[in-house]
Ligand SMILES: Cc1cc2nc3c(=O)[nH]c(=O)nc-3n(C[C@H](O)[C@H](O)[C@H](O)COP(=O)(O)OP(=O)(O)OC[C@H]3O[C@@H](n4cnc5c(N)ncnc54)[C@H](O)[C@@H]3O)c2cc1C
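Okay, here we've got a single chain as structure tokens, the form predicted alone, with questions on binding and movement later.
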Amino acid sequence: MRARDEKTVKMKPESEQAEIMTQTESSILYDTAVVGAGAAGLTAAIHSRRLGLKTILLDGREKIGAKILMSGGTRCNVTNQKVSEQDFQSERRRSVRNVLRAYPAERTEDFFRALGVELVLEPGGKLFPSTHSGRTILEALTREADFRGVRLVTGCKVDSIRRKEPFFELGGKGFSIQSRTVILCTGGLSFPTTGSDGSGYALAQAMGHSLVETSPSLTPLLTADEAWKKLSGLTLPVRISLVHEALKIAEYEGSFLFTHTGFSGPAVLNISRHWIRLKDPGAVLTIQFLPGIKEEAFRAEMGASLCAHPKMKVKNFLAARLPEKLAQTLLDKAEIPAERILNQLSKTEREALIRVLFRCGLSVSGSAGYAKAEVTAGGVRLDEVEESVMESKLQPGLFFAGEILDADGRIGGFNFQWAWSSGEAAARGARRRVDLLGKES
């Protein structure tokens, strides 16, 4: 195996870039050029080499894999035990289903275990590396790419892709690459500090593709309500719903976190994309603070407590079920004095209490946007892509994988699974296209 430094080229400064590219890359015709060395790009490059393709992997940043390192609170939720198209949002869920079925979570588990990564199962079906570190995943992927002979070029941003029959020419400042096929894995717009600047969308559009409108997804929501902000740091399980014109648009159950700017936690992150894309200030987010009990059962509990403890204060009754600070805030919102005795509650007050516990409205003033979004909703239209191999229907030899496509999953390892599945499919597609080009020549 060749030394690592012979296969990894850093393109800086620019004067040195041009010289290196002129002497090495510009004269080489690669079978596939993978643009973007994130989860999808590393996967596509590894599988391309396993399939015997001469592969170059290009990334605009000097250091790759930032999202892998930071995801899941740096623990990297690799996948989920159960993954289906129902865990995703897309205008073409059927296409998402077919991609996932071709490379399911079981194959992801096998893939990483073969790389020496032990995965552990956590509640909700989430799978993490046993080291609880995203670095374990990134190092396993880069080690395999190196072992397979992927030529990784960092600090090298692709600005243009042109078809020059019978190959593509990829260009950037001071370099050009020739390749029979191209796999775009440039990600979306989420967490721009990691290098996700949306440039892949421009490359796709320049090649004739159109986009489903993009927006942040899995991002915290903001509020101007100081009462909620004062609960910063408090977390608890809830059920949260988005209601628009009396219709329930989306609903998620899970952990909820109050922050100094608003709301976060899996339940909020999951529903954020729906709230953002609805674009209607009339939409209402409601929260059920006692998701483990039905409203009628709670009414019965309250009645039983009233009989057994008629002198109990309402605040103490709530504090037995909720954090004390939250209990006080909810009483304030229901306009019930904290010292009120249970058997002194009026019918109006009882109904107000039920409402804030089971249908409490959350005043949302906005979202944290792409800066904090874990993924981008929307992207390259899946109906313009041959789903079995992720090949463009408009430009034969051009492939897509990962977040650049119109498919965004909920919290729980689903977006990584999309990266692994679509990356593997794109590699198979590139192999097929190269074989076809060989027969035609």
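Source: prediction; values computed, not measured. In case it trips you up, residue 1 is the first one in the sequence shown, and so on.
Beyond the structure shown, there is the form predicted in complex with the ligand, which is absent from this document and is the topic of what follows.
- Partner contact region in the predicted complex: 58-66, out of 58-66, 392-400, 379-387, 45-53, criterion any non-hydrogen atom within 4.5 Å of the ligand.
- The candidate spot formed by 158, 186 and 413 is fully in contact with the ligand in the predicted complex: every one of the three has a heavy atom within 4.5 Å.
- Taking non-hydrogen atoms only, residue 289 never approaches the ligand to within 4.5 angstroms in the predicted complex.
- Shown alone here, residue 169 lies farther than 4.5 Å from the ligand in the predicted complex, counting heavy atoms only.
- The ligand in the predicted complex is approached by residue 194, whose closest heavy atom lies within 4.5 angstroms of it.
- Under a 4.5 angstroms non-hydrogen atom cutoff, the ligand in the predicted complex lacks residue 31 among its neighbouring residues.
- Residues from 59-84 that approach the ligand in the predicted complex with a non-hydrogen atom closer than or equal to 4.5 Å are 59, 60, 61, 67, 70, 71, 72, 76, 77, in the order they occur in the chain.
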